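In the form predicted alone, a lone chain appears below as structure tokens.
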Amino acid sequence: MQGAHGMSKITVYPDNESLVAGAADLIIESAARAIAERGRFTIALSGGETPRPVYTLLAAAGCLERIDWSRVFIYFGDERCVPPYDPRSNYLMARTVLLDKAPLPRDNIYRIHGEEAPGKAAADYEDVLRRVFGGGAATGGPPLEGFDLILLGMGDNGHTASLFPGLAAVTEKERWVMAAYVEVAGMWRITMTPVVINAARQVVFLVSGAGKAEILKQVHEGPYQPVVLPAQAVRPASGEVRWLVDRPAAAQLRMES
């Protein structure tokens, strides 16, 4: 489907269960391909309720052994400014359902230090990413090599990662990671910016439920206004965007046959 993002492919699943299975398969296949081609798989996880069952499935028998976890490197697209043991932490959710169950070397997990001062945590995480992906801090601009896969969700206000409507990070051109106080959430968040998201080989949105139908239609079929609908700012330069959505979320889309 040709959407507001240029080439973006939408796959509609009949229900949430099949969406979860499809997302897990896509991650497993992406990992195998990246490891075969480049010897490692770099993935940025998202928080929230939609990916939780996907992570749970990846940790289950039948999926877990299909990935060479020793070559998987885990990052996070965004984080709430809370300690790693806080129930609101994206890292804690991923750790509980997946990371503690997978045979992952601890050194392969790069969490955002949400317990630090927000500006410091953002700058430190950008330094981590620049060391891994290359791209001079002095010059700004995108990574020399992007993530293999960035997982994203979308809120009912069109936000993705912690790129909320109206935040400066949505239109950032140089910094890779930024901190911002998010009024609607009542807390500080740290997020990757479109500079690093749009350098990825593949970006995958997971969108589920009737509550997302109206905003999904606006993002795909409405005018391009990323400051209002930050999910529209995700337009990889050479990578692909995949939208995995269930039927209730896709209910208002004009789907081409």
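Numbering starts at 1 and follows the sequence shown. Fair warning: this is a prediction, and the values are worked out from it, not measured in the lab.
The same protein also has a form predicted in complex with a small molecule, omitted here; what follows describes it.
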item	value
Among 167-175, 75-83, 111-119, 141-149, the region lying within 4.5 Å of the small molecule in the predicted bound form by heavy atom distance	75-83
Contact residue in the predicted bound form, chosen from 49, 68, 37, 221 - any heavy atom within 4.5 Å of the small molecule	49
4.5 angstroms heavy atom contact with the small molecule in the predicted bound form for residue 154	yes
Complete contact of 90, 189 and 212 with the small molecule in the predicted bound form (any heavy atom, 4.5 Å)	yes
